[in-house]
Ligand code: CP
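Next up: a single chain in structure tokens, the form predicted alone.
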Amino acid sequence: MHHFTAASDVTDLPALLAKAARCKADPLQWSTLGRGKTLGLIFFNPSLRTRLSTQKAAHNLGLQCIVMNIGTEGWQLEFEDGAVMNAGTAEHVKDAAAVMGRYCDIIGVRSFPGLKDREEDYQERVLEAFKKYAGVPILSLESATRHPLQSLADLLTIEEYKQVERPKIVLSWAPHPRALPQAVANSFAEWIRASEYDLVITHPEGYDLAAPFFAGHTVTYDQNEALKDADFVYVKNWSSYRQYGQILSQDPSWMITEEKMALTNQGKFMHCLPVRRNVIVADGVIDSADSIVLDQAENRTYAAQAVLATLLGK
């Protein structure tokens, strides 16, 4: 594995999950693996869990960590080839990424979509530029279309809690006051397919994900039907892919409530956080014994640690 940006970068998913579980069982077993190495974490957008968990993972491996917030601490970057840079941008990504690659052995990049131009967002301009010019392994800390570290942690959490070999997993849309990316939903669907589990995706009409992500999964517009006998209920808002970046519905009946969870097979509630309480999910659900959102968040460290160890050659 040279980069970690999508499920397709992983050649042996069971082995990577097993490595994450080993990291959780003994976080410091490879505490000298990163000695003399540097991880750069480059943030174009805000972060809480991703930043803290990845820094902790680096610490557990003995990696030095440099964190930079481009929006407030770096030059505005140009991404167009052949650009005449006589306006707002001060540095080309060709130069910036190449320099970062001279300072760092691995670079993590977090860059959200603009949700204005679908073609541009789905080309992953920022992530692909770093892969092209940095000359070192690139770790996605969430991109315009995917959040692979979150998805790996989600799978680790499912493996810890599943009671049957092939649990019923549901990905449900829920309302939100802002237009959000499709990245978490895309990624979860992609990684569940890679794990060879079955997934039911439920959302109002108009919220279908891009075809490569929902292909092979069951899709229904009936949330109650989808939730019946579910073992895991992963809830997330995303804006429209077809009518790109738009909010087509804020129907409060899609919020996950105790009544909705009663339809499940004592299903475990999952969310990547942060979450809008009593908009996405009722307090009674997220605070219940069947909520595993804190376990997901904790597992972010061990997912990142397993990936970093792999990128370091362990």
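One-based numbering along the sequence shown. Only a predicted model underlies this, so the values are computations on that prediction, with no experimental measurement involved.
The protein also exists as the form predicted together with ligand CP; that form is not presented, and the subsequent description refers to it.
Contact flag, Pro252 vs ligand CP in the predicted complex, heavy atom cut 4.5 Å | The answer is no: Pro252 has no heavy atom within 4.5 Å of ligand CP.
Do Gly36 and ligand CP share at least one heavy atom pair within 4.5 Å in the predicted complex?
-> Residue-level check for Gly36: no, no contact with ligand CP.
4.5 Å heavy atom contact, Gln150 to ligand CP in the predicted complex | Heavy-atom contact with ligand CP at 4.5 Å: present for Gln150.
Taking 4.5 angstroms as the cut-off for heavy atoms, does Val281 touch ligand CP in the predicted complex?
-> Contact check for Val281: no, nothing within 4.5 Å of ligand CP in the predicted complex.
Out of the stretches listed (26 to 34, 261 to 269, 58 to 66, 42 to 50), which one is close to ligand CP in the predicted complex, meaning heavy atoms within 4.5 Å?
-> This holds for exactly one stretch, 42 to 50.
Can we say Arg110, Leu273 and Arg300 each have a non-hydrogen atom within 4.5 Å of ligand CP in the predicted complex?
-> Every listed residue reaches ligand CP in the predicted complex, so yes.
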